[in-house]
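Let's start with one chain on its own, the form predicted on its own, as structure tokens.
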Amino acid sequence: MRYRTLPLAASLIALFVAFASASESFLSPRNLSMLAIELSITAVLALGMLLVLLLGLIDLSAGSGVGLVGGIASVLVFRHDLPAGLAMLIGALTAIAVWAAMGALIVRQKMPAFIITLGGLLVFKGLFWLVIRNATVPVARGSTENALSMLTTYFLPRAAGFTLAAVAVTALLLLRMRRRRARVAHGLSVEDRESFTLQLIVTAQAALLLLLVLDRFRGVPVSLVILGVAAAAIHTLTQHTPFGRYLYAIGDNPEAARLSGIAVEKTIVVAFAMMGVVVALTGCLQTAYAGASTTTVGDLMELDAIAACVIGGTSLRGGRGSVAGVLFGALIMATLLNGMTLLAVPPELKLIARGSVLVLAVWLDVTLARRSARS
């Protein structure tokens, strides 16, 4: 990881400098608020992809699933007058069932995840177009907002934003102190107090700066809060539960995990069911951000999620990855996409850039794995 951190930080800074130089509005409060929303959408899906990649598997159907779930929710709200909350719940239950079924096919029929999810990509895309009838379906009627549309249009009041940030920083402080005490109690090495304190101060300052910037537009977007909750949940799941340890063990060595008594098949099915939850959440977020369900919603989002994971240090071979790394990778991807959109980069060049980033991310993963093996 030490070989990865500095180049990635330099790449992110270079992106900000390049886009800020090319467009004065890139660093404007409004665009940074939009970037926060776009980051939330990309990162939430990437967090779900992390669960699958830790197993050494992959999900190529996530982007099509995002469009399908968003389409189901929009159609239920706009054409059938269902409450937005109920429509989103139906979409989520559908996604959970479908992704759990894909996981069951993978483990029971011994079929490669690549093939199953590639088939899902095509099937879900076709179903998506059938559901919306190849037409644009708004997320709300007229100018009346509902729970679906408010996912990306509602911003927290100033006081609520600062209170939430204070709670988050305090929780992080307590968790870091608890982890530090645990390591000391077990005789493990810990960082010196000066470094520990400096990291906390920098984190608090970064949170304050983010709040001040977002407050200059409309405040903290609720989608960013959703991302925070999702990140905290996935971090807790992967780092502080037996299930999380099972994910890493299976990805590192499936046979050894099976011999040690881990229910490998059940773990894979549950991980895919959780992926369904994340796909449903992302589908609602992305559709709300677009303002309507159209045939292009979710296109290539699975590749952005995979790229974000790999950029952040997740191994495509399984057994390695972290929530912090995924968030950092998602920030790079969201910044790249936001900047290109702001500069009105032609669609063909956007595709070339996204593909190049994905290839470079995989190359970096392979290169660092070889270097780590030699050292």
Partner chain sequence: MTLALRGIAKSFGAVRALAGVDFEARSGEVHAICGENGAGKSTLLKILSGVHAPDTGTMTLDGKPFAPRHVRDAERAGLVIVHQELALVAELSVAENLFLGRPLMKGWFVDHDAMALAAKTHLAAVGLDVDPLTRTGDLSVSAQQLVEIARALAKNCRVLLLDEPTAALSQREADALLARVRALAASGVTCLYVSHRIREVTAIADRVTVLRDGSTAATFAKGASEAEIVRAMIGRDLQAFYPRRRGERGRAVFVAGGLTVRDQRGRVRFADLRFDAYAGEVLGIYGALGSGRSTLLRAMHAREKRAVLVPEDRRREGLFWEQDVDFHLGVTRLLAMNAFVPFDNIAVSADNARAMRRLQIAAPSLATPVSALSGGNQQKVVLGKALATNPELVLLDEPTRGVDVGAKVEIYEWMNALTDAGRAVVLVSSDVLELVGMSDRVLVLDQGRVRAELTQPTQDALLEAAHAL
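Note that this is a predicted model, so its numbers are computed, not measured. Positions refer to the first chain, counted from 1.
Beyond the structure shown, there is the form predicted in complex with the partner chain, which is absent from this document and is the topic of what follows.
Q) Should A256 be counted as a contact of the partner chain in the predicted bound form, where contact means heavy atoms within 4.5 Å? A) Looking in the predicted bound form, residue contacts with the partner chain include A256, since a heavy atom lies within 4.5 Å.
Q | I262: touches the partner chain in the predicted bound form, heavy atom cutoff 4.5 angstroms | A | Because a heavy atom of I262 falls inside 4.5 Å of the partner chain in the predicted bound form, the answer is yes.
**Q.** D252 within 4.5 Å of the partner chain in the predicted bound form, heavy atoms
**A.** Taking the distances in the predicted bound form, the answer for D252 is yes, it comes within 4.5 Å of the partner chain.
Q. Should P242 be counted as a contact of the partner chain in the predicted bound form, where contact means heavy atoms within 4.5 Å?
A. Heavy-atom contact with the partner chain at 4.5 Å: present for P242.
Q) Honest question, do I96, A166 and V169 all end up within 4.5 Å of the partner chain in the predicted bound form by heavy atom distance? A) No, none of I96, A166 and V169 comes within 4.5 Å of the partner chain in the predicted bound form.
(Q) Within 4.5 Å, heavy atoms only, one stretch in 61-69, 35-43, 317-325, 346-354 touches the partner chain in the predicted bound form. Which? (A) Selected range: 317-325.
**Q.** Sole residue of L173, A182, A206, L212 within 4.5 Å of the partner chain in the predicted bound form, by heavy atom
**A.** Answer to the contact question: A182.
**Q.** Listed residue that, although the partner chain is not shown, lies within 4.5 Å of it in the predicted bound form (heavy atoms), from M274, V220, V77, L285
**A.** Partner contact (heavy atom, 4.5 Å) among the options: M274.
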